[in-house]
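One chain follows as structure tokens, the form predicted on its own.
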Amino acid sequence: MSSKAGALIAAALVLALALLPFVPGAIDHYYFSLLFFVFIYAIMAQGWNLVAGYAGQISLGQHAFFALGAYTTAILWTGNYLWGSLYETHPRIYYFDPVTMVLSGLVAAVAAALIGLPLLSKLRGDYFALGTLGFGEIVRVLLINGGDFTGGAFGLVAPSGTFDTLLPHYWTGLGLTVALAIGIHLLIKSRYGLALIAVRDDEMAASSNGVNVLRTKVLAFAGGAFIAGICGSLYTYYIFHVGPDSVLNLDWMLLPLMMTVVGGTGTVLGPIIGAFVMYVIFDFARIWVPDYHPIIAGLAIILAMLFLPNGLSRLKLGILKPYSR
């Protein structure tokens, strides 16, 4: 299958998903919420893929940036720090406010840049991964001990009266998933993308050819955190209760990682394919055989690693190939 045909199929699929809410009864169906969570995890997986798949830096702290984005949205939403007293008279002004979502991503990106500079300049491989995992625990302690500002161990509760339907969540999730896939595709084709892949493949060779290795890696790390922060913001608009147990759960780190690996690390569509396949398996197993859910989920991962070590997106479909020099 040619790349042009693959692009047409992808465009048709996106159009079908965008029009799905107009099907009678679709919004109230279980599969509608399932697709929303697929989008959530696809966004998270895409952020991890930018750091690990393209920059070659295994991060175990994406859940911390997800939590920072979620808390930023909750704090701005409940504390009136952004628009002052407007919330009292217009409560919906915060609902899917793009400024709040971007700020949530920026807070996570700034935190990633601050922690990434010392970590990426000194640590490599497993040591960097452990450093990011430690940062996640630091964020957890700070949020729990943040007093009224972060709500302590309980967290913050946003006004759920603004919720009418899952439709805006669905469209926002779909839009972000598509926009990220297009954006990362264009990014990897740019000069920075070539530098990023060169750093992943051989840091010494990239440096000898004029690539600023540290800056390249820090920008990728901050970009992945920005994506995770926006995803955390979107999740806040869905769950309304932001607490350490809900947004700092290790599932927000482990599942996107596994989905990316199963879908295909270092590919644009890999995180999306992996998110769909793995979340459907996990969720159906949770519903049909709840007592054996962890076993089935683990078995699915083992089988994928045994028979699809390079990911689903690297199957010979002619649609998608990994980027390399």
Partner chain sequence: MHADETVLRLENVQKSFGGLVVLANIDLAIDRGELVGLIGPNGAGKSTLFNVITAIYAPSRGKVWFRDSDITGAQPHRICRLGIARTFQLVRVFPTMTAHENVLVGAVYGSGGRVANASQAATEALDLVGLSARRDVRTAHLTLSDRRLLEIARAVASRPALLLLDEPMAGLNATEIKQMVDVIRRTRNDMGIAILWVEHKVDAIMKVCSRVVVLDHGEKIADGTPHEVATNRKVIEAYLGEPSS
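On a predicted model such as this, the values are computed, not experimentally measured, just so you know. Numbering follows the first chain given and starts at 1.
Absent from the display: the form predicted in complex with the partner chain. The rest refers to it.
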property: Candidate from 194, 142, 113, 239 lying within 4.5 Å of the partner chain in the predicted complex - any heavy atom; result: 194
property: Of 160, 121, 165, 209, the one that lies within 4.5 Å of the partner chain in the predicted complex (heavy atoms); result: 209
property: Residue stretch of 98-106, 243-251, 195-203, 166-174 approaching the partner chain in the predicted complex, non-hydrogen atom distance within 4.5 Å; result: 195-203
